[in-house]
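Here you get one chain, nothing else, as structure tokens; it is the form predicted on its own.
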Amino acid sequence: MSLCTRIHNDGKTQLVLGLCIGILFGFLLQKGGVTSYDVIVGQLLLENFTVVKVMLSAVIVAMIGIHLLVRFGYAELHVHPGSWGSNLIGGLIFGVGFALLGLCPGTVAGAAGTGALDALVGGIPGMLVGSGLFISLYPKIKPILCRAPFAAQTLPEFLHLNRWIVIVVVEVCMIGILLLFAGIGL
């Protein structure tokens, strides 16, 4: 039995790994500067592009890493179907929370880890209350969430192209955007 299979079958190990990876993720968000209210608001005002640069860098690394793991049999992609209704409702809830606090769920956890009061007083309780409201309202809003479904497809499947061709094109575009930002001093 491989190490990956043993970890996959051990719930406690998965929880510990998830906690450790979450702490590392929060640490990296903080070191990247994206847990700062001023940096995030600067991004929303198109004055500070730190958030876009950190996210593009993360996607560039993760896209290659995940597909290499899949290629060599260490991971599997589990693409789920979606719907325009759930994207609309989720986007509205995310946008309202982002506008009220200036932090998204990932950066709230990272900012709370640094002791930021806005994340501790507003963000964490807001996520818990929002989760509770979603659970209680789910039976009533389920018909809206399921409206206009779409298939579970990856971008290469949608485009009917080889996965690695899509990865190379997307990677080149994202690296080009980062180089453009550096070139114009953003």
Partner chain sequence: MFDMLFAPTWSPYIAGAGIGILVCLSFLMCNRPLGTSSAYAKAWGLLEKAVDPAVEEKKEFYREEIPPRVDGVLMLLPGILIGAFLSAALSGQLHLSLVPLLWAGAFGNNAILRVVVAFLGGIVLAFGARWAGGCTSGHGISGTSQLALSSIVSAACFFIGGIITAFLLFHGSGV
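Positions refer to the first chain, counted from 1. Since the model is a prediction, treat every value here as computed from it, not as a measurement.
The form predicted together with the partner chain exists for this protein as well; it is not shown, and the discussion that follows is about that form.
Visitor: Consider Gly18 of the chain shown here, and say whether it contacts the partner chain in the model of the complex, taking contact as heavy atoms within 4.5 Å.
Guide: Because a heavy atom of Gly18 falls inside 4.5 Å of the partner chain in the model of the complex, the answer is yes.
Visitor: Look up in the model of the complex whether Trp84 has a non-hydrogen atom within 4.5 angstroms of the partner chain, and give yes or no.
Guide: Answer yes; at least one heavy atom of Trp84 falls within 4.5 Å of the partner chain in the model of the complex.
Visitor: Taking heavy atoms and a 4.5 Å cut-off, does Ile184 contact the partner chain in the model of the complex?
Guide: No, Ile184 stays farther than 4.5 Å from the partner chain in the model of the complex.
Visitor: Given that the partner chain is not shown alongside this chain, does Arg147 nevertheless sit within 4.5 Å of it in the model of the complex, heavy atom to heavy atom?
Guide: No, Arg147 stays farther than 4.5 Å from the partner chain in the model of the complex.
Visitor: For a quick check, can you give me the residues of 89 to 117 that have a heavy atom within 4.5 Å of the partner chain in the model of the complex?
Guide: Sequence-ordered list: Ile89, Gly90, Gly91, Leu92, Ile93, Phe94, Gly95, Val96, Gly97, Phe98, Ala99, Leu100, Leu101, Leu103, Cys104, Pro105, Gly106, Val108, Ala109, Gly110, Ala112, Gly113, Thr114, Gly115, Ala116, Leu117.
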